[in-house]
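This document opens with one chain alone, in structure tokens, the form predicted alone.
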Amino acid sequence: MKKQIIVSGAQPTGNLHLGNYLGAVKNWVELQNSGKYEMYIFIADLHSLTGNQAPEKRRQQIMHTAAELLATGIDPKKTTLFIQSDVTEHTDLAWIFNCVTPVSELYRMTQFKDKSERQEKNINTGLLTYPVLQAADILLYHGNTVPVGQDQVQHVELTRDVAKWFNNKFSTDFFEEPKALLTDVPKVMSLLEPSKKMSKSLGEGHVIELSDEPEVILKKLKRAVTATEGGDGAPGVKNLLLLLQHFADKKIYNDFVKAEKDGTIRYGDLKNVLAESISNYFADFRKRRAKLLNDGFDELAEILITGAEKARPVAKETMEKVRELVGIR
């Protein structure tokens, strides 16, 4: 039986943090290792252009993101890992999809509104149309399974619509409508503002990066919002317990949940134990990441070039058929 095709990407806009890991990357590694899927994971450098990152920083971060994905367990022997802009068919297909997508649908996108608020001095056209590029990213490889968090379901729905609009306009069934594969992890929230999703855009103190050293993790957690008293289910406490559930021993987690319910929880103890648990969990990751970066970018570049060479024939075949269907070939 033919394998389901998974396509997903990571923007090179900063180091991976716990929200990225629990919401996406950990799931990618598990799906990859299940052997049930054909996997395409790319560094979404074209998507990163919608932000305010400096060119030299972007070049460096592309390689850092690749190193971090490999350090988490993404295996280039099992997953096609590449840089998005190295396969020019992504933008070729995005333009054609732009021409079948009603602009009114793009103005409805929640993330366009959110990102416009965060960078109100740089509300560029790419911010509006990047969900169309995202649809091209997926459909270029005939992706039919898209692992996402709840906040990205709207974009998968748009991808389904784009496939439908293209098929209807050109009287074909060429593109299959992909389905979202939801991760089972609730959103990881900011350490300092637990009403908001953990995000690099909020600032350094809001996130724990996978590469953070033990002392940095502890320092950040000591500043994390909790509550003045135990037993009241405060959002900050729930967030720390969620992290404890995924990175600590089950008995330790259960003991703190019990203490939180009966009001005897000591937040200082919770933060110390959580810091140690996170630090230990990512110890091997930090070693692998350091080795990949310290060895220079040659090995990383070779992996990414090989990935693009593997992805390109699939993308080229798709675009040849699309050009034929729309009448520009």
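Since the structure is predicted, the reported quantities are computational estimates derived from the model, not experimental observations. All residue numbers refer to positions in the sequence shown, first residue = 1.
Just so it is clear, the following notes concern the form predicted together with a small molecule, a form of the same protein that is not shown.
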Contact residue in the predicted complex, from A94, M198, A248, L139 (heavy atom within 4.5 Å of the small molecule): M198
The small molecule isn't shown here, but in the predicted complex which of T226, T145, T79, Q152 has a heavy atom within 4.5 Å of it? Q152
At the 4.5 Å heavy atom threshold, is G205 in contact with the small molecule in the predicted complex? no
Is P102 close enough to touch the small molecule in the predicted complex, meaning at least one heavy atom pair within 4.5 Å? no
Are any of the heavy atoms in G307 no more than 4.5 Å from a heavy atom of the small molecule in the predicted complex? no
How about V188 - does it come within 4.5 Å of the small molecule in the predicted complex, if we only consider non-hydrogen atoms? yes
